[in-house]
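One chain comes next, on its own, written out as structure tokens in the form predicted on its own.
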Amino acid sequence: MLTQRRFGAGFRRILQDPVLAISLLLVVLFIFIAIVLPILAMIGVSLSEEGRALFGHYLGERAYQDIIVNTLTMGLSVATVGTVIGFLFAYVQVKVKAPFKRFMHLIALVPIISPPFAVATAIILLFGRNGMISKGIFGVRYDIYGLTGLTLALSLSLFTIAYLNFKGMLQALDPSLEEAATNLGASKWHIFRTVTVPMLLPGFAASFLLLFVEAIADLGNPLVLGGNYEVLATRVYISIIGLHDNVAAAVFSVILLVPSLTVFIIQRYWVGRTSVVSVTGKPAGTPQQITHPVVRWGLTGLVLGICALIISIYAVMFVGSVTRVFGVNNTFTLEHFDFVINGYGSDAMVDTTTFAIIATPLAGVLGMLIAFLIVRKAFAGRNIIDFGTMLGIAVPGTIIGIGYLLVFNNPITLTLPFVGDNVPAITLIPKLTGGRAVLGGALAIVIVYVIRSVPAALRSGAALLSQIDPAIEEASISLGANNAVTFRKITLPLIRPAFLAGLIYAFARSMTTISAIVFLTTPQTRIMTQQILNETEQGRYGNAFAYCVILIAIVLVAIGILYLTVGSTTGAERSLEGGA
């Protein structure tokens, strides 16, 4: 009862501040219209009479059962391999006396700023039937398509999430625990098994679940590297693009939504509340690093080997962008860049960058605002707002895209009863997708960019706000400043590192996303990732690589500009941790 009164009082205090009340109302409307409504619409279509019949057909047919099993198998494989690689990188970075640590750290961050299927395309040229390594060095026509190739490509693309998670946890471990175990005569291996690993169990679970969700939701890599290995995301894509069957796409999306949402809820409410803490609560003592030659150089060698593989993949991308036909005719040429910059690709480059520039500050400010509301204001429903916001990243992008097609392919209008037949309906939300959409569908793409980026800004902002004493803001309010002024002049400058983190993640995510917007583009709106996919499917790898190189360059320049304009003492990895 006391808790209910406290939350009710907090809600009444918000209503007394018009700016804060309007902000809360806008946040709730945004979450419902941009995130919840499309998901509900997709679920509603799947539960129609035709949809229910398709559920029985898809769940009963062996071929479709295999697709579901393929999806789950791929998710488990990628989650396992990606988590192991991420832990290996983090362990060497923190616990092993190894050289080139800065180099290994930078290489581990590279995959997150590149298009999702750039790695898959390079892997085909390296390890495919006519690959430089598989055929050129070993003389083997290896079929990289399928589960093996997908596991390799997605693990190398996603392990950064696990790496940043483990790195933070390992740095936060109390060294005195290991010192105590050593003083009691325990070996390094015994300490690793009985002290280090148990303390990291929440990190293992969180990383595994996050990578699982990201893997089963991915669309670009299965389209490029899947071959005959079909997964649910590609079935959704084929249902829309190839068959124009919205009901089938909605049914497949719900089937995909079940494991994604289940894992998200487990990660959020079970792993999030499971903690293993040290006795002191604050790291004390001197961290011990492994110096045993076999272990030290063995682990370092594994990490450097993976770094070499990542470098090889991106070297293929850069070299392939300036050669006529990579691996066949390696003559230097700039025709691929000419195609992108001066030809058909120029519109995609301008559109994508423009949309990302618009979405980035919106996502950053909205994320900080929601973080402020749920951390600093006690009111009923704040956990629902938090959960609804996080759905923007927890729900696979293909499902978001399908939901937008179903909801916003026609204007949402309101007809006033008892007014007269000649009174036109009031347009509440204009047509956002398809032909004749407002701004050619650009508004829908920007909104999707925002909802896919806000969760990262929210998490980084909430984490930093929880470390700042509320007394600072209370002092401002006691001196006569309202909540809006306090947020703008006190809170926002204090959480500037988190704000920068959200901006960097939002821009990088917007530039590299594909699954959420592939259904929303129109002839008036071209997106670079979609053009990369088109060029890859046509076998024009040089053009695809040129797109990738330019995209990466744009992201790096934007990150530099954000650091110069926003400024922060935090590192780039802070922004990537927000995405994890």
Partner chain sequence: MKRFGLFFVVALLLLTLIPASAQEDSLTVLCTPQEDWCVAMTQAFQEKTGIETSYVRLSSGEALARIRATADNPEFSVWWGGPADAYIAAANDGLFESYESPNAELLDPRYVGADNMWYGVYVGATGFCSNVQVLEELGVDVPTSWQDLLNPALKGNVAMAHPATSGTAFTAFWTVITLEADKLEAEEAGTGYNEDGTPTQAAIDNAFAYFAELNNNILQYTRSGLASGPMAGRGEIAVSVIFSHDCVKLQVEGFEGVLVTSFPEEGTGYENGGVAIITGGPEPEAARMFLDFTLSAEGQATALQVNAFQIPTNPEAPISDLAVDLSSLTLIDYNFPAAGALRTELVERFDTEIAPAPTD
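Because the structure is a prediction, the values reported are computed rather than measured. Positions refer to the first chain, counted from 1.
Unshown form predicted together with its partner chain; subsequent notes refer to it.
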property: Stretch in contact, per heavy atom within 4.5 angstroms of its partner chain in the model of the complex, of 230-238, 155-163, 446-454, 200-208; result: 230-238
property: Option touching its partner chain, based on a heavy atom within 4.5 Å in the model of the complex, out of Q171, T354, S346, N329; result: N329
property: In the model of the complex, the one of I266, V325, V295, I310 near its partner chain [non-hydrogen atom within 4.5 angstroms]; result: V325
property: Partner contact for F30 in the model of the complex: its partner chain, 4.5 angstroms, heavy atom; result: no
property: A63 within 4.5 Å of its partner chain in the model of the complex, heavy atoms; result: yes
property: Close approach of T521 to its partner chain in the model of the complex, 4.5 Å, heavy atom; result: yes
property: Contact of I341 with its partner chain in the model of the complex (heavy atom, 4.5 Å); result: no
property: Site check N534, E537 and Y541: each within 4.5 Å of its partner chain in the model of the complex by heavy atom; result: yes
property: Its partner chain in the model of the complex - contacting residues of 119-135, heavy atom within 4.5 Å; result: I124, L125, G128, R129, N130, K135
